[in-house]
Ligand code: NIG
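Single chain ahead, written as structure tokens, the form predicted on its own.
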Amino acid sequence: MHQPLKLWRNARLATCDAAGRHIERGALLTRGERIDWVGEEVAVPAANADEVHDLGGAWVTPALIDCHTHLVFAGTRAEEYAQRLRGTSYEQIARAGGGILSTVRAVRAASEQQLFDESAPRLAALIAEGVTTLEIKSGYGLTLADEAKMLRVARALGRAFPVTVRTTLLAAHTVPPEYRGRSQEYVELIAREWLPALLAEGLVDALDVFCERIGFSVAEAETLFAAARALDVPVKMHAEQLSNLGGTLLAARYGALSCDHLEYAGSAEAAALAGGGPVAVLLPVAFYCLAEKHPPPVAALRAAGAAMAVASDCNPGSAPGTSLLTAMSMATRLFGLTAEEALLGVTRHAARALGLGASHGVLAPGYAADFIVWNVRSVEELGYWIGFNPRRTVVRAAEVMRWPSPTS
């Protein structure tokens, strides 16, 4: 079967590879859905391309990857946001029966079609900025049927839109009302029955747990991680967001893909994330919306050589946003990331956080031919603009995307 060879020339390339190359007069060759060659245009291998695309000297980066979202949900929590503006904390709202449980009630009452219809515009907004790969978590159903419903909708969105969706089971998001006071029993149910069943249905790419005072203990997280390891399911963790329980250290021992939030992490956690350990996923939109004062230890993470990703954390409670570009800007201003770190955080490092480090997030031979042509003078603009989308063209699987409507 013939795989079309396409030349994408006259480009300024930010490869986001380990060498961090910027190629001022660059070109790409794609064959089929993969990149075949990247380099200086003067060195393009002799070949008869089926198509030639002149990119007009524009900057080109890998397509964006949103490695932490709760995009599938019903309703909003705008009233809770108003409560927080009046001084009530996120933790106080959760302990009073609001927070995640508020969305659980809405999701349980919603049909799959309603969930799809409410989630599709949020996905379209991310795609419009150049997101071609993202994670979608469950965690607002908290019954087997409702968690499966959320994960089926996530898979359906991936089929309907030109985007790669990785699904994560987050049934351990909070203790459901039916198991109040019996969290260990609930965790054992997820480990023993739900995870194997949902995996058998092809609905689970990874498992996550909210390890926190208002979530689950380190011991309960380990029960889930052990079950996931036995089934060869990658794990992730909501870690050290509101306090430090030691979740990151556990996750590192289990070879987790990522530890996410990390506001209360310290030097020990930074060391555990170094040297190819779990990716530190930073979520500045939640930090902003919760008016937190304790940022993640970026300097320690940087010094340790930890990979830092940036994600939208799109969710109805703590991060009601659908802009990864805004998350990049917030990461630079609120957390002190450099422009280069922010870009790597939504490309190469975000791919690693989803277990896709060998196939996505870099402009290199063998990688997915997913890239963006930008209307910017420098790549530093990508963490600079707020409320403005400088995306010109998005290429996914070597095809120019039309947007951002479903493909079926």
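What you are looking at is a predicted structure, and each value in this text was computed from that prediction instead of being measured. From 1 onward, residues are counted along the sequence shown.
The same protein also has a form predicted in complex with ligand NIG, omitted here; what follows describes it.
Sole residue of G141, P297, G277, G317 within 4.5 Å of ligand NIG in the predicted complex, by heavy atom: Exactly one residue meets the criterion: G317.
4.5 Å heavy atom contact, S258 to ligand NIG in the predicted complex: It does not: once ligand NIG is placed as it appears in the predicted complex, S258 has no heavy atom within 4.5 Å of it.
Contact of F216 with ligand NIG in the predicted complex (heavy atom, 4.5 Å): Result no; F216 lies far from ligand NIG in the predicted complex.
Contact test in the predicted complex: E269 vs ligand NIG, heavy atoms, 4.5 Å: No, E269 stays farther than 4.5 Å from ligand NIG in the predicted complex.
In the predicted complex, F335 touching ligand NIG (heavy atom, 4.5 Å): Flag for F335 set to no.
Non-hydrogen atom within 4.5 angstroms of ligand NIG in the predicted complex for each of R77, F210 and D313: Per the other structure, all of R77, F210 and D313 touch ligand NIG.
Segment that reaches ligand NIG in the predicted complex - one of 196-204, 120-128, 159-167, 233-241, heavy atoms within 4.5 Å: Looking at the other structure, the answer is 233-241.
Heavy atom within 4.5 Å of ligand NIG in the predicted complex - qualifying residues of 51-72: Those in contact are H68, H70.
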